[in-house]
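Just the one chain here, the form predicted on its own, laid out as structure tokens.
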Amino acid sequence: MDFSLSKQQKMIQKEVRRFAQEELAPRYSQWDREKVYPRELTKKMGDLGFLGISVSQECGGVGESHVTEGIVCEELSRGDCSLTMATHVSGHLCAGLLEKGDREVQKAFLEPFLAGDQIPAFCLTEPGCGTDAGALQTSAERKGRAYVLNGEKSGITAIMDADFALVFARTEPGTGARGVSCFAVPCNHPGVSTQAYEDLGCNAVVRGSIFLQNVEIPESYRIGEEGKGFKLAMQGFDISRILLCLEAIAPAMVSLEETMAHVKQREAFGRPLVTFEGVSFPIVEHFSLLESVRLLCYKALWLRDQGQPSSKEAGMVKWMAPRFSTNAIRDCIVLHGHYGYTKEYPLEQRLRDVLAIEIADGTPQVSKLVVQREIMGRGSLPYNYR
């Protein structure tokens, strides 16, 4: 059992951390206040090879392991934990699907994403179904060698800035998850419109709804076989959920590091705050929990690299990481005193941003159902959760 990183991974980690500290962290709060998606930074990530880490070299990616993909996502999230939700979580889901598309689709959508020229949107959730994604109502009807899409997708990360969307729509009515297909849809296509949400956090990657009204796209823009789209979507979630968890842990760890520095130099009653157990013990507890979950994240990624299942581990970390991270950041705010509650510090923004991760790609309740299914069997579930 070897927990060390390779020489290549250490080099990548160092370079990505430098990029996050120099390019992302200084403008993290600015992008939140202005609700601006920094497209120029996405382009820089593409130029540096930070996008599509696990996409095969044959498809234009870097062809690195999922563990390396996790390292990149974690290090970027130390500087900005909201931007990676679009570039590396939605990006992973979209890139993984586009790899399964034909050459026309890869040239039109995958290559521009990997280069940092286009922003993707992963569109599965609808107003009437999120957790029960197999109940979606958006339709795709055949029209010769084309499809006509109608419906609404909701809660979509970065949809207001996205250049294309991967839309899941029903091609076979009344067949549940088996009748869902996946389509690549340019966001400037006739019949496509969007509407922004006013969210608590992650304001640089504005979420919203996408509306499809008689949107006609060529048959070649379908990803994979007809009726197999839901299965393709589920295959990507084990990884995207782990990336989300590393995205949550990173800002919590940075917050703890900042808080440790603060309590060492801040004094009360003639002593540094760090010498009081009521101050130091909570930091130790948060650090211990987060480091434990972080290791489980990398174990799960390692399992996938070995071709082994990781649904159980992904479900475990998905309910733990966001919860433990928000608890840690909240205590960091308190330990900074009244200054910690101001917007002069990035703590409050990190808390708002990490809260979103608890919901994204499956709520804590869904994550626990996944673990329950894996360790107790499908017969233990209250209903047929896929």
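In this text the structure is predicted, and so the values were computed from the model without any measurement. Quick note: we count residues from 1 along the sequence shown, nothing fancier.
What comes next is about the form predicted in complex with a small molecule, which is not displayed.
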Segment assignment from 338 to 346, 357 to 365, 40 to 48, 23 to 31: heavy atom within 4.5 Å of the small molecule in the model of the complex: 357 to 365
Exercise: G155 in contact with the small molecule in the model of the complex, heavy atom 4.5 Å: yes
Distance check, V148 to the small molecule in the model of the complex, heavy atom within 4.5 Å: no
Interface membership of P272, the small molecule in the model of the complex, 4.5 Å heavy atom rule: no
Distance check, R304 to the small molecule in the model of the complex, heavy atom within 4.5 Å: no
Single option in T125, S181, N203, Q106 placed near the small molecule in the model of the complex, where near means a heavy atom within 4.5 Å: T125
Selected contact from G176, G130, P282, G236, since only one has a non-hydrogen atom within 4.5 angstroms of the small molecule in the model of the complex: G130
